[in-house]
Structure formats: structure tokens, C-alpha cells
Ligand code: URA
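A lone chain, given as C-alpha cells: the form predicted alone.
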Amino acid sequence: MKLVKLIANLGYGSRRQVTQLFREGRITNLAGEVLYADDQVAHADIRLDGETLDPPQGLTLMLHKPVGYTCSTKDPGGVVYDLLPPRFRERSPVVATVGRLDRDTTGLLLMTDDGALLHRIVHPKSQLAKVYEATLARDLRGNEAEKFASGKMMLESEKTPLAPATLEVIDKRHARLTLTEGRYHQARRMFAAVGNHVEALHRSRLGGLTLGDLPVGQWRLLDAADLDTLFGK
């Protein structure tokens, strides 16, 4: 692949804009020597303004999503792409969210440009655990855990029962819910089905991954070891 196309695909600009970067001598190799569009150079050895390029296709990142951001590309309010370098929105293939967290849900969100990985994570057969911390408007009644674990619970407008889910009561108005499927607004709808309302919802774990000490609104790239942790290897 020509360097112009490679760098444009990483979101650093259109091909015309990237061509201009070459003309300005801003694209160099490890030794600081100016590169030209037809040069053959390993991705890891290319520098733009002295900085390494973003990873090639296969980029996966973890974002600590705040309240008020949607998992879409356009919204009158904030979107998760606003929290990332602008070029991430322009990459080809696109960096897409792995599933969705609604505007008012915080916590661990994965994003990737690897379609096969995205499919593997969200496919029902993966049964990756999704752990949510819920703050509730009313006291728990005490029978919610049994209902959630029954495998017989039905949500409004659904035609199939939910897979068994685990509820850990932290106190009367706080609970930890572990799901292995990802239906639309599932956690909120489950609590609504037992007569409660979720005031705050935070995803703390996906598979074997946790946010660790990643601050709210920040992101980090994942490596092969992180993906092994995700899938419990």
C-alpha cells in the first residue's frame, strides 16, 4: 500500500492533505530522513512530525465513558468520538463501538476497527459477562435475584425469555448485575420489570477486562494481552 493511502486511512487527512504533508517534509523515517509517497517503509518506522503513527488496522481501545455521551457519530449532545483524537473518527475502516452504552450509562466501552473481533465479542455464543453497578430509586424487594436467575423472565415486547442473570445485592438500593447477553437497554428494563427504576448505571467489567485506574473520559489502546484477558485466556 502506498504511504499516502496508508496514512490517509489512519485518519490523518484526505489523500490530498497527506500529499501536502509529504511536500512539507513532515513525514520522515526513524533517522529523521524525509520520506516520499512512493517509499517502502515499515509502519513502525514512519514518523509524522517526529511522532509514531497510530496502529494499523486492528486498533482496539478501551474508553471510560462519562454520562452525556452517545455511542453514535452524530448527536446534538456529545458523542464518544469527541473524547478521542479527531483522526480516529476518520480512519478507514472506521473505529466502531463494540455494542452500546446509552447516554446516561457510564463505564467500560470498547471500540475497534477490527470487524471480526467486534463480531466475536458481541455474538451471543461468546457469552462474555457484562457487569453493571446499578443505583436504584427504590429499595430492592428481595426476590429480584431469583427472578433474574430463573431463565424465564420476559421483557415487554420481547418474544423469548432472558438468559439467566446474576444479581448481587450490595445494599437496599445498590446492586451488581451480571449479564451474558446484550438486549436493548436490558439492565434498565429488567429492573423496571420488577417495579424499580435505575437512577445510575455503570459498566465495570466486560469479560475479564476492567477499567482499572483509567480516569473518566480517558481511553487507552489495548494490546494482545488485554484481548487475552477479555476472553479469559
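What you are looking at is a predicted structure, and each value in this text was computed from that prediction instead of being measured. Heads up: residue numbers just count along the shown sequence, starting at 1.
The same protein has a further form, the form predicted together with the ligand, not shown here; the description that follows concerns it.
- Highlighted residues Leu10, Gln57 and Phe88: none comes within 4.5 Å of the ligand in the model of the complex, counting any heavy atom.
- Figure note: of the listed segments 30-38, 45-53, 163-171, 185-193, the one touching the ligand in the model of the complex, with heavy atoms no more than 4.5 Å away, is 185-193.
- Although the partner is absent here, Tyr81 lies well away from the ligand in the model of the complex, with no heavy atom inside 4.5 Å.
- When contacts are judged by a 4.5 Å heavy atom cut-off, Phe148 does not count as touching the ligand in the model of the complex.
- Remark: Glu133 does not count among the residues lining the ligand in the model of the complex, judged by a heavy atom distance of 4.5 Å or less.
- With a 4.5 Å cutoff on heavy atoms, Asp102 counts as touching the ligand in the model of the complex.
- The contact residue chosen from Ala175, Leu63, Leu206, Leu201 relative to the ligand in the model of the complex is Leu201, the criterion being a non-hydrogen atom within 4.5 angstroms.
- Shown without its partner, the chain has no residue in segment 137-160 with a non-hydrogen atom within 4.5 angstroms of the ligand in the model of the complex.
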